[in-house]
Every structure is written in structure tokens, then in C-alpha cells.
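A lone chain, given as C-alpha cells: the form predicted on its own.
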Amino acid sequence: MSNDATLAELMIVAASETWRGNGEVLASGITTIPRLGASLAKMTHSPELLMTDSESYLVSEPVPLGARGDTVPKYEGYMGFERVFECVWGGKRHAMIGPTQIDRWAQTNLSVVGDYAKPKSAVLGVRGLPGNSINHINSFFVPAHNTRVFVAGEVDMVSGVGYKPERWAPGMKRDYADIRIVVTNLCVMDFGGPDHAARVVTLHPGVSFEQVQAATGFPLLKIDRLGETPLPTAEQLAIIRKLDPHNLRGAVLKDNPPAVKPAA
């Protein structure tokens, strides 16, 4: 393991694990760290993943972020919206998105903060999340773990379907919702507890469970033998830095601190 890794690099490795064992699905990492996580997964433990150049073509190798310079993408075929939707409707996609709010039922909000009729702020809108959240696997990325994101009560506007029973009409197949992993700047979580309760799976180096709970608006569980999020290996760091030669990952987190905090 490498002690010179940054927190962003540790989160990229943690994000990559969400695609382990998924099989031949379209891996969609939305924004910098999730995209690098999906790319790292394809280049290491899950080469069978399908990946696009984030435009309209399938690629056999992930395309580096930012200005490409002399890099020539290895295109394998056309992947326009129509084919993407075929993957979505058929459940052959696993996306990692960054919701504005997440609640205890894994419901997500991308639309507005505050009352819908007179919101404090407008965000992206629900976009494709209602359909995506019941047709294929989803994971979440949260760069700043706090109670404004992990809210007490229900999210202000339900954009993405979760596990709240009252939101499901009688007879609906609830197993269509499949929320896997949440990667934050403090920990890795899932909704694998009783009745889909949120659990802390690993803590990032130097972070306590109490610190995570204080930054979350609803009660958390922790798995048995709660461990530490693994640091990147030298091989993983080399791949990440090749995929992101302009260090765009460093701008995602405030000051992008070291993955391992210096001794006081």
C-alpha cells in the first residue's frame, strides 16, 4: 500500500470496488472520481466492463481525463443514446452518481433544496434518475459528508427511488431498486442492514464511526469487524495518475488532503 496517496485517490480505489463482480455491464461513473473509479475497475479487476469515451463510442481502454494530447482512444463501436437506453432498460448498467441529498431509505434528490413550490435553490432537476433508479444498479458518491447531504427525514424532492415502503404502490416489484455502495470523504457505506438500514462498511484512515454518525442526519449501523478503507497500491496509483494526467481529481475535494493524516 502507498502512504503518499491523497484522499481523492483512496476514494477512487474505493469507488472502483463497486463494479467488482458486476459482469458485462455498462459502467457509468458520473463526475471525476466516479469516472476514474470505473476506469480503474476496468483496467484491473473487471476488464469485462463496458465503457464509453463519455461521448458516443465504446472503448477497449478508458480514455484519460482532460486534454488528450497524443492519446488516441481505442474505439470499439458506436454507443449512442439509443444503445445506452437499451442497456438502461435491460438492467445492464451500473452508474455512480452524486446526489444533492440522500435519506435513510436511500432515496435521492437531484432537483431542488427546500420546498418545491419555493425552493432555496434549484439543482439539476430529476433528469433520468426516476427510471434509472428502478432499472439498473446505482451507487452514490459524496465528496463532503454532512447532514445537508445525508438528511434527517425524507429528501426534499424524491428524484431517485429508494426503499421507503410508502413510496411503492401495492403490487409493485420493489426488487427493481438496487442501491449498492456510497463512497464519501469519510467512509464507505451501504444500505445492507435490516430493512435496508444504512451501514458503515469501512472508515477512511483517521476517521471514527462517531465522526461519521455526527455528520449524518439519520442513525447508522456498522458492520461486524468494521475495518479501514484500503489504501491504493503502487500499481493502482500509477494507473490513476495515467488516467488523470492533469490531476483533475485534486480539485474535487477541498485541499485534497493525504489519505493518511500526518501524525499530530
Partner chain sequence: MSQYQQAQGGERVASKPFDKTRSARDAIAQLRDGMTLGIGGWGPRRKPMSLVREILRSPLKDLTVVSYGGPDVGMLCAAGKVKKLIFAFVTMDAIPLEPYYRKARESGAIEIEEYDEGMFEWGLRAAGMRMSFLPTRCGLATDVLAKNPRLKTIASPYADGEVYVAMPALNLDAALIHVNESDRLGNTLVRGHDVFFDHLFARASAHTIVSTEVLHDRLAVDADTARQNPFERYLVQSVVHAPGGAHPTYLGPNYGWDMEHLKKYNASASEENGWQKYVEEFISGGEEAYLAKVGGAERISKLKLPVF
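Residue numbers count along the first chain shown, from 1. If you're wondering where the values come from, they're calculated on a predicted model, not measured in any experiment.
Although not depicted, the form predicted together with the partner chain is the subject of the following passage.
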Tell me, out of V158, I181, V142, L186, which residue has a non-hydrogen atom within 4.5 angstroms of the partner chain in the model of the complex.
-> V158
With heavy atoms only and a cut-off of 4.5 Å, decide whether Q101 touches the partner chain in the model of the complex.
-> no
Answer with yes or no whether G171 is in contact with the partner chain in the model of the complex, where contact means some heavy atom within 4.5 Å.
-> yes
With heavy atoms only and a cut-off of 4.5 Å, decide whether K92 touches the partner chain in the model of the complex.
-> no
4.5 Å heavy atom contact, V126 to the partner chain in the model of the complex | yes
Taking the partner chain in the model of the complex, which residues along 114-149 bring a heavy atom to within 4.5 Å of it?
-> Y116, A117, K118, P119, K120, S121, A122, V123, L124, G125, V126, R127, G128, L129, P130, G131, I134, N135
